[in-house]
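The chain below stands alone and is given as structure tokens, in the form predicted alone.
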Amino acid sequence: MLTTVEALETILAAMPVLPAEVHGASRVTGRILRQPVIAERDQPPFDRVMMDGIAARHAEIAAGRREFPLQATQMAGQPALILEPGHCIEIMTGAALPAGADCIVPVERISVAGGVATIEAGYEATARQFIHARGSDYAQGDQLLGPGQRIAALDIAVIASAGLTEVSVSASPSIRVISTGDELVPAGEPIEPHQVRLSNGPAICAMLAAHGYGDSRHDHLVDEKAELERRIGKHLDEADVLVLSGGVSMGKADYVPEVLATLGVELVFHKVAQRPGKPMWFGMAPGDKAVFALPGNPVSALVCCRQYVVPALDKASMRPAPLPEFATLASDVAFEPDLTCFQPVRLVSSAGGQLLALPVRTNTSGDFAALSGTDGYVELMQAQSHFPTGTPVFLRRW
């Protein structure tokens, strides 16, 4: 049986790379960038005035001059004027610094009468004061965004500033999320005492969408071999990735592995030394299509989705693996089986700024309600049964 580390490494090694496609900049938020974004110009592209006031020569102010005839007014968006000696130019925030000026005196520090600006007594001006120097943010030709970066809303401003109307991004994988089980009943439909509500599929779709993979569709299949083979085969033809939930354990109605084999899906591994989620199944279908068959218990399904499916999609999208994140256990955890424990946690901060992971107990791997309000889970590695308060642990946020 594979360890959790071996399972994830095996999945990542098997994942194909998704093709790149070009989209308008207004449609790429949340997608994975596949090209560098290069600065079109210096930023700011000119010495930018940061305060309303007057632009003057600092040397004249330092020599004791306090009164300056107003030469002109310059607004943001107008070409830079040339400052005449002994004068000042009324200036607005965002305007280009007039040639010859090297100091801005804020409007609150001047008075204007008869076309003359007077600097208040005692005010000490500083050379280059309130001037955002050209190229001080970045220079023309600098790389602003790199391939593999997930495009956030703030990055759209960067793309626009580079003069780009469209960029290359990873194609959005087409995903089919399949819930199996005769006992499952969707919300809104009549339900019998012996049945349970269908919850895994919608939750998995929502988790994938939260990570930027919104092109998913859900289907519910009953535990009948012929129907499973027909419908799963159809989904394999139409989608890039399949994520199944249920039917992968050792029960008489757990037909999923057999059906997948019949459809030509090659088993890569079945079972991982972990709890919850030990029956996890992974295979590859013809056409380099990844198939994840997750356990049916809700906690197991959601943990396996976050632990394996999300990183696999990131790898296929050419998103670099994130840096490891760690937290400190806020209370003791005991775990007897020789398996890796995925322990749900809430995150809190200590007075000293330390990130603490407060374990949240689930009644069973079916207790999905206990996950509400948790921030993620920590990985408590096998071969150890007691994890005392203060233990540093690897953290994955949902």
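Just so it is clear, the model here is predicted, and its values are computed rather than measured. One rule holds for the numbers: they count along the sequence shown, beginning at 1.
Form predicted in complex with adenosine monophosphate: not shown, discussed below.
Within 4.5 Å, heavy atoms only, one stretch in 131-139, 235-243, 320-328, 194-202 touches adenosine monophosphate in the predicted bound form. Which? Comparing against adenosine monophosphate in the predicted bound form, the contact stretch is 194-202.
Non-hydrogen atom contact E266 with adenosine monophosphate in the predicted bound form at 4.5 angstroms: No - in the predicted bound form, heavy atoms of E266 and adenosine monophosphate never come within 4.5 Å of each other.
Can you work out whether P298 and adenosine monophosphate are in contact in the predicted bound form, taking contact to mean some heavy atom pair no more than 4.5 Å apart? Yes, contact at 4.5 Å.
Does L184 reach adenosine monophosphate in the predicted bound form if we count a contact as any heavy atom within 4.5 Å? Looking in the predicted bound form, residue contacts with adenosine monophosphate include L184, since a heavy atom lies within 4.5 Å.
Closest heavy atom of E227 to adenosine monophosphate in the predicted bound form, within 4.5 Å or not? E227: no, not in contact with adenosine monophosphate in the predicted bound form.
Which of these residues, T180, Q274, Q307, S170, gets a heavy atom within 4.5 Å of adenosine monophosphate in the predicted bound form? Of the candidates T180, Q274, Q307, S170, T180 is the one lying within 4.5 Å of adenosine monophosphate in the predicted bound form.
I need to confirm a contact call. Of S249, T93, T118, S174, which residue comes within 4.5 Å of adenosine monophosphate in the predicted bound form, counting heavy atoms only? The residue from S249, T93, T118, S174 that makes the contact is S249.
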